[in-house]
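Shown next as structure tokens: one chain only, the form predicted on its own.
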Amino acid sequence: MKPAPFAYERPRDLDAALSMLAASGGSAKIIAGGQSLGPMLNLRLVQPELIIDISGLAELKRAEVSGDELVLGALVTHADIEDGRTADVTRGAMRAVAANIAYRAVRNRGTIGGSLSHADPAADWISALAALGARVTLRSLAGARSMAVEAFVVGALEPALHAGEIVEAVHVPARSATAHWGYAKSCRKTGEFAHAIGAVLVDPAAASARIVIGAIDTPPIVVTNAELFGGRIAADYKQRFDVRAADALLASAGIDDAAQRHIHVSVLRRAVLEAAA
């Protein structure tokens, strides 16, 4: 398949890109790495009148530590994170996630902003960044706004982008020295999108946790209390993990198939065990 005809622009800076996007009246698509949009164009699942190529915008390639958080521009690639070309305030968590995204060819081109913008619930960064407590900054000609990653994903393939708006940066808080991290996913074969994801950030010293169940047909389920651990988060959280509570969460999210819920709960349990290892 080949894409439907479209016009192509490569703006010189971010302001020019935003102006083009605003002037398009919703008929334009942003492209950077093209790992999601490219196949969709070829299959004619999307047929924009204009493609705006932002891959050369230096403003979106920054990667710096600001205070107690890491700020990653939207054009930072998965490989940049995997190879350590960016700082890692998550003590290895983000590098490990990046290294297991699809294939190396995809990681070389795919960007963190593009992955979030596509809002595929089976993509790694949505679940991982939600568990890490990350925020995303969105930019338009009218200015910038910020929101939690889990709020940015409205539904499957539905980001909370307004007309004329793009992902500008991701803000990832530093992981404390006492926090434990676990991440697990289930794929039919290596390189495919996951059909179950579990991400766990537990800090027994602070009695806090961020637990994410991802790769479901809704926004990721984010749990920030102790309901999955019998009401208390402590050093024995591995033993206290309640599979029945996790199953109930999935059922309340509309996952009626017991076998599917079992897969999700099993993957989440693997993430908990990894965190506690």
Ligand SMILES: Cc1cc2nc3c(=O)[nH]c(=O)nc-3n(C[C@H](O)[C@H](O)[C@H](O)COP(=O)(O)OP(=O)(O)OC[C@H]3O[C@@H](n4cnc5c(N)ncnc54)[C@H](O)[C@@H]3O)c2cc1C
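One-based numbering along the sequence shown. Predicted model only: the values in this text are computed from it and were never measured.
Beyond the structure shown, there is the form predicted together with this ligand, which is absent from this document and is the topic of what follows.
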The single option of 184, 130, 167, 153 touching this ligand in the model of the complex, heavy atom within 4.5 Å = 167
Of the options 96, 89, 106, 148, which one has a non-hydrogen atom that comes within 4.5 Å of this ligand in the model of the complex?
-> 106
Candidate spot 230, 246 and 269, all three in 4.5 Å heavy atom range of this ligand in the model of the complex?
-> no
With a 4.5 Å heavy atom cut-off to this ligand in the model of the complex, the contacting stretch among 248 to 256, 33 to 41, 231 to 239, 212 to 220 is 33 to 41
4.5 Å heavy atom contact, residue 118 to this ligand in the model of the complex | yes
In the model of the complex, does residue 101 have a heavy atom within 4.5 Å of this ligand?
-> yes
Residue 74 within 4.5 Å of this ligand in the model of the complex, heavy atoms | yes
So in the model of the complex, does residue 198 come within 4.5 Å of this ligand, heavy atom to heavy atom?
-> no
Those residues of 176 to 197 which, in the model of the complex, come within 4.5 Å of this ligand by heavy atom = 185, 191, 192, 193
